[in-house]
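Below you'll find only one chain, the form predicted alone, shown as structure tokens.
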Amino acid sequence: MKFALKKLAILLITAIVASLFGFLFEHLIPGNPAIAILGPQANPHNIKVLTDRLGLNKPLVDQYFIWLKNMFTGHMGQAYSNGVPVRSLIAQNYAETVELIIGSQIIALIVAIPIAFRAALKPNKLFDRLTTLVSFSFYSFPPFVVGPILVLIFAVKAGILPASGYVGLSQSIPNNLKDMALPMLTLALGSFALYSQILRAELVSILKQDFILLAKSKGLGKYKIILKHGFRLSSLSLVTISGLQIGTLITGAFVVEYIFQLPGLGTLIVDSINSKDYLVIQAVSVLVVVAVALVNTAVDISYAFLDPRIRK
């Protein structure tokens, strides 16, 4: 219990620090939101009136504490560009980003785990060398390179998957999965490469331990040994790398959303930057940082269940 409370306290501190930096960094964006909102009607009088109404004339410290209070109470204000509540914009767009990240990781793990098992059972053989070469090749390509290549292969040449478009999961599951296939695969390739190599290296090391040799001498099958003993021990490294990957996955998801024109948080934040919509940028930025910290906290707490010795 103390272990979990300590991690949650660190999470709270992280969230507050992240909110401070997120708030300050957004104010470094050049330009005046009032001018961007007013457009052709941006004369000195209108700019002053709108600046006063938005509270941008107040000291930065006052603006921060007002904004922080509103964030904690769920009142994130209204977007400068269209007057829609920021909370509503986030609620309308977060599901696509979450689906993209979770779906890509399911694909990556489903492919990576059996390949790592097979490679670890016969290290340095042809299959192991081949999968290592393929994994490092995938890992070296960023999503903004992988995405167009997959579109060219599966959408343009083969014509079996759509290059863009989005149907909500609640509207049609088959059409949703078809639309999300290429974005998920684009984000999954880098994770697959990382997971398969980390898991393979851990399993190769574990399979050399004395208790594994003892299990073999008792006549246990190799797949039973690797599933019952090897995978549980190696799962610590897999869980760790999954937690560390979450920040990369979120930024990668934003890039993928922009490439495939998906209505997610990535598209929302890009549009908000273009319109200098500080409130939306701040809210999304802080929520992303808190989400990363929350996932890493959950990973830290999960260690105590995977290996009780860590609680001490």
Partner chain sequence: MNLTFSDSNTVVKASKRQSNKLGIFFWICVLWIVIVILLALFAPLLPLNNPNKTFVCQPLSGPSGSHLLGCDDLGRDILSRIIFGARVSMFVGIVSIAIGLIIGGFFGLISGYNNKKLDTLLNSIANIIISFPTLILLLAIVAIFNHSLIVITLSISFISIPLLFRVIRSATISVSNKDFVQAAKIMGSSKIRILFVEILPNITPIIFVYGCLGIGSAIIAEGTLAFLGLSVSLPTPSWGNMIAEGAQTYLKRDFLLTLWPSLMIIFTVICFNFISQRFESKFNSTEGAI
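Positions refer to the first chain, counted from 1. Model, not experiment: these values are computed from the prediction.
What comes next is about the form predicted together with the partner chain, which does not appear here.
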- Message: Is it true that F136, A201 and N274, all three, sit within 4.5 Å of the partner chain in the model of the complex, judged by heavy atoms?
- Response: yes
- Message: Looking at 67-75, 107-115, 176-184, 146-154, which stretch has residues with any non-hydrogen atom within 4.5 Å of the partner chain in the model of the complex?
- Response: 146-154
- T14 near the partner chain in the model of the complex, any heavy atom under 4.5 Å? yes
- Using 4.5 Å between non-hydrogen atoms, is I269 touching the partner chain in the model of the complex? yes
- Message: Check D128 for me: does it contact the partner chain in the model of the complex (non-hydrogen atoms, 4.5 angstroms)?
- Response: yes
- Heavy atoms within 4.5 Å of the partner chain in the model of the complex: does N46 have any? no
- Task: Go through N82, S170, S88, N124 and name the one with a heavy atom inside 4.5 Å of the partner chain in the model of the complex.
- Result: N124
- Query: What residues of 68-87, in sequence order, lie within 4.5 Å of the partner chain in the model of the complex by heavy atom?
  - Reply: none
